[in-house]
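Below you will find one chain, with nothing else, as structure tokens; this is the form predicted alone, and questions on how it binds or moves follow later.
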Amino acid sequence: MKLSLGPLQYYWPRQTTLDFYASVATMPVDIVYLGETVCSRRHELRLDDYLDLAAQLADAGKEVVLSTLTLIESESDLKALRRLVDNERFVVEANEMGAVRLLAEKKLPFVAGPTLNVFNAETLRLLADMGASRWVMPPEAGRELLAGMKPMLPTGIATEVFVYGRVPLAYSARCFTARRFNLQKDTCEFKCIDFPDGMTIRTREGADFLSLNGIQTQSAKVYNLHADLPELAAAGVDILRISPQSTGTAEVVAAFRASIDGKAATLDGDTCNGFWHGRPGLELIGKAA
């Protein structure tokens, strides 16, 4: 199995982001996804910056994929999407169907991202016919769905599974982080940059429930399928996706790589893995518990 580092879901300062990806060059990951997938108002890095990072990481031996926005809301978003599709060097991860259409029209291979919501083999076959070379399972899908689809997977298409990070649960045209500070989305003051792993929302009883990340709602707990690696291998998963966090990403990558290589490794913390087991996502099932 290969390891991938998913696109950065959070809004970090420019230098923090550049320093992080400089460190990624030496991490034992095979694939790196780059690009803004959450909010087009985040401008610490622009497409040219991501292309520069992509070239640097490719020179370091990484397979680089450029990820698209999940929600396209304006003509400027469309222009940025067209530029990304026309980059002429790197494969694109399509996270909404407009990107799929543009890539298919140009007959370019692409990665079918997790927000395309592929839950059956018929949809995946359609995307494969349009040029998808691999698909990323929706994080809320589990082993039962993959087992049911496996006999019908299109020939040659690779399967990638989200295995570590806060689960992206929903996207909205409204910015919840701005709303928390009584700000409008268009005058948000970029408040999400103050929350490098999202803003935790708790229940009335004080339990961590969700994490707000601009227009994206995430799980409060970190999803962790490290203990489920034998099942993932048996299910024929080709790529394991780790989502960048503000701290500890290198250690997480090292633990997954060690386990893939047959070495002992553990990942501690208050994590969950319920979705993979067909249970509520915040639950912790099996050996990890």
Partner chain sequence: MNAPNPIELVCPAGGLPALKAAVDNGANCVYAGFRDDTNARNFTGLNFDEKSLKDGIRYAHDHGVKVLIALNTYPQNENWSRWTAAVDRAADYGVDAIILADPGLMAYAQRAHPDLRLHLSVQGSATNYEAINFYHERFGIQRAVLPRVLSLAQVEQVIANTKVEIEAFGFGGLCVMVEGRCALSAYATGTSPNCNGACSPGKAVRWEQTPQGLETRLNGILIDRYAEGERTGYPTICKGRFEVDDETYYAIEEPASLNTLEFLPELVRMGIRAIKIEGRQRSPAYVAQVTKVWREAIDNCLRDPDRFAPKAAWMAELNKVSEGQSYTLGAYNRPWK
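Positions refer to the first chain, counted from 1. It should be emphasised that the depicted structure is a prediction, and the values quoted were computed from it without experimental measurement.
Unshown form predicted in complex with the partner chain; subsequent notes refer to it.
Novice: Does any part of A220 reach within 4.5 Å of the partner chain in the predicted bound form? Heavy atoms only, please.
Specialist: Within the cut-off, so yes.
Novice: With heavy atoms only and a cut-off of 4.5 Å, decide whether E205 touches the partner chain in the predicted bound form.
Specialist: Contact with the partner chain, yes.
Novice: Given that the partner is absent here, does M149 sit within 4.5 Å of the partner chain in the predicted bound form, heavy atoms only?
Specialist: Yes, M149 is a contact residue.
Novice: For T70, is any heavy atom within 4.5 Å of the partner chain in the predicted bound form, or not?
Specialist: Residue-level check for T70: yes, a contact with the partner chain.
Novice: Using a 4.5 Å heavy atom cut-off, which stretch among 276 to 284, 261 to 269, 5 to 13, 18 to 26 contacts the partner chain in the predicted bound form?
Specialist: Only one stretch passes the 4.5 Å heavy-atom test: 276 to 284.
Novice: Heavy atom within 4.5 Å of the partner chain in the predicted bound form: which of A132, V92, L102, M137?
Specialist: The residue from A132, V92, L102, M137 that makes the contact is L102.
Novice: Considering only 93 to 122, what residues come within 4.5 Å of the partner chain in the predicted bound form, judged by heavy atoms?
Specialist: Sequence-ordered list: N95, E96, M97, G98, V100, R101, L102, A104, T115, N117, F119, N120, A121, E122.
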